[in-house]
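Only one chain is given next, in structure tokens, and it is the form predicted on its own.
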């Protein structure tokens, strides 16, 4: 019954969003926004073009590399900062300041270091996602129950065994919450990187469509990205809730 109600709520939400979208289209006209039906139709048109799949592959490749870096790096740094209290207290205000800083201001530096192309997109995506993952993981390790750490000491576990066998399992729900936030921000970073300095990828298609006033392509690519991000976040959110229920 809960699953049926949840499916109904999702369908109702999508219907409301589609109605708002259609209302905006009727108000602004096709010069500013495409209708929902026309956008869906154009999505299938794009998917029939082999060249469009090359752009999808480019974005997914950059996103996958950036996501691995942001997740692995964020969890590793967060565990270390959380376990070493002095380092965490020094690093936390710096991380919060970097988190609130518009990352676009760092893009000239990214281009100078990595140049144009895939490395710059991966780096730009990673710096978006690694900081929230680090902050969530660090705070999760800080708030771990002292009895777990004492048990690890009594069992004389090595630092590596303590991390893999005690810290990570105990902090997994909060870490997954950080991974969910990092997922969205990493995708955002990769797309912004493609918009600024790339000739391939979905971000490039969006900024190019804006320049050409190709509203249909812009809306179709945006819709595809929305569906992908929403589906991935729904999965991560379900995992997050399941882990929190076990705690």
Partner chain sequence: MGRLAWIRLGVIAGFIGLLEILCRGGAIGRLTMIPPSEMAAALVELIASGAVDDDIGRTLGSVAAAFTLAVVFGFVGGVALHAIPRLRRAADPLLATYYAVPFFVMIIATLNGLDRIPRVLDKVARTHRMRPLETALRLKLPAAAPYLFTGVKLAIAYSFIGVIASEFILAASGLGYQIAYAYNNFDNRTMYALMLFVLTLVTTINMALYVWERRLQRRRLGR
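Positions refer to the first chain, counted from 1. Fair warning: this is a prediction, and the values are worked out from it, not measured in the lab.
Below, we refer to the form predicted in complex with its partner chain, which is not included among the displayed structures.
Engineer: Against its partner chain in the predicted bound form, would residue 160 count as a contact residue? Criterion: heavy atoms within 4.5 Å.
Structural biologist: Contact with its partner chain, no.
Engineer: Looking in the predicted bound form, any heavy atom of residue 239 within 4.5 Å of its partner chain?
Structural biologist: Judged by the heavy-atom cut-off of 4.5 Å, residue 239 is well away from its partner chain in the predicted bound form.
Engineer: Is residue 107 part of the interface with its partner chain in the predicted bound form - any heavy atom within 4.5 Å?
Structural biologist: Judged by the heavy-atom cut-off of 4.5 Å, residue 107 is in contact with its partner chain in the predicted bound form.
Engineer: Is there any non-hydrogen atom of residue 18 lying within 4.5 Å of its partner chain in the predicted bound form?
Structural biologist: No, no contact at 4.5 Å.
Engineer: Which one, 81-89, 68-76, 164-172, 148-156, holds residues whose non-hydrogen atoms are within 4.5 Å of its partner chain in the predicted bound form?
Structural biologist: In the other structure, the partner sits against 81-89.
Engineer: In the predicted bound form, which of the listed residues (111, 144, 176, 118) lies with a heavy atom within 4.5 Å of its partner chain?
Structural biologist: Flagged contact: 111.
Engineer: Is it the case that 8, 94 and 195 all touch its partner chain in the predicted bound form, with a non-hydrogen atom of each within 4.5 angstroms?
Structural biologist: Checked in the predicted bound form: all three residues contact its partner chain.
Engineer: Using a 4.5 Å cut-off on heavy atoms, what residues in 183-220 are near its partner chain in the predicted bound form?
Structural biologist: The stretch 183-220, when checked against its partner chain in the predicted bound form, contributes 184, 185, 188, 195, 196, 207, 210 at the 4.5 Å heavy-atom cut-off.
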